[in-house]
Structure formats: C-alpha cells, structure tokens
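Single chain ahead, written as structure tokens, the form predicted on its own.
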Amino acid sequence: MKNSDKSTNPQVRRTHDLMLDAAGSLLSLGGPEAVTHLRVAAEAGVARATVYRHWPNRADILLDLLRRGANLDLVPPAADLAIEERVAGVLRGFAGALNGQSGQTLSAMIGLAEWDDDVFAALERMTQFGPKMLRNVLAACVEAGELVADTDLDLLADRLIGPLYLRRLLYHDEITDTYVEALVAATLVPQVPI
C-alpha cells in the first residue's frame, strides 16, 4: 500500500494505526515471535489480508513500529547552535527513541536480524535516519572548521551513537540528557581544532 494512501484516507490511517497498536502490544507482551500477521489481525480485529496489504512481511511491521517510536521526522538542529549542542540535540532525539518502545523493537530486530534477511534489510534502512543525520551534522561541522579537517566522520558517529546502544540495549539503562551531554563533551574534545 502506498504511503500516500495511508496518510490521506482517514479510514485506512485508522486501520493502520489500530494494527500498529496491536503489533506493539504483542511485541511488549510476547517478544518478536508474537508479532505475526495472524496475531496482529486477531488483536486488531481485522482480516489477515489487511495486515499483509500494509506489511508484506514481519520485518516491515517491526520497522514501522520502530519508525513510529523513533519520531523519524527529526529536524536537523539549527546551524547557529554551538557544535556540542547540535550534536547533543541529534543524540537526545535518538536517545528518546531508544528509551521508548523503539528500544524494545530495535532490540528484537537486532536479535532476529542474525537469521532473518528481511529484518536485516529493515535495520539497514534505519541507518537512513538518526545515524545518517548525525553524520551530516558532523560533516557540516568539518566544513565550518568546527572539527579538524581529517576527522573520520563514520568513526566519530559510531563513537557517539555506540554508547547509546550499549547503555540501552545491553545495560537496559535509560539514556539521560546528562549522559548525552557528558558523552558529547568527552568525545568531541579531541576532535575540535585548537
């Protein structure tokens, strides 16, 4: 189903949201194995074919859950902010998603991706959002002379985002603004030109 159909037709949008709510509930209660087309249909009170029309496979359902919780309509930070605030702003948005249901969904998807090519492909598509936005912000900082010219942007982005994943997905700790600010300060200091 085309995204434009989902967003412009109120009945289709309500059905889509109802099924996504059902999928989120199933994930919370039973893990990723509980999120099947049949169970989503039963939980939402719709035909299984309706679920398949919205999501051809389970990975698409999980990706939509991740998108919903991650607020992927993130707006890049204003260029007039200090570098630390721009980077921290992107990371706070990412952390907010990880602290919510998206963290649970992402955790489920990471586990499944090892054996499910569709889930792996869905996770790869996720790199178009938070990580890519952070890399773009860092690239703009290099262009503006706020970071050293030979900064390895991929490595720096990994060094900033990696601890968020570690803290949320392995330690099961909430990612606080204080943590994000400390992470940004500790990671950016060696990269800022003197």
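Residue numbers run from 1 along the displayed sequence. Each form is matched to the other, and the largest set of C-alpha atoms that superpose within 1.5 Å is called the rigid core. The structure presented is a predicted model; accordingly, all values stated were derived computationally and were not measured.
What comes next is about the form predicted in complex with another copy of the chain, which does not appear here.
At the 4.5 Å threshold, heavy atoms of residue 143 stay clear of another copy of the chain in the predicted complex, well away from it. Looking at residue 159, you'd find a heavy atom of it within 4.5 angstroms of another copy of the chain in the predicted complex. Residue 149 falls outside the set of residues with a heavy atom inside 4.5 Å of another copy of the chain in the predicted complex. Using a 4.5 angstroms limit between non-hydrogen atoms, residue 56 is distant from another copy of the chain in the predicted complex. Residues 30, 31, 32, 33, 58 are the members of 30 to 60 with a non-hydrogen atom no more than 4.5 angstroms from another copy of the chain in the predicted complex. The rigid-core alignment places the CA of residue 27 less than 2 Å apart between this form and the one not shown.
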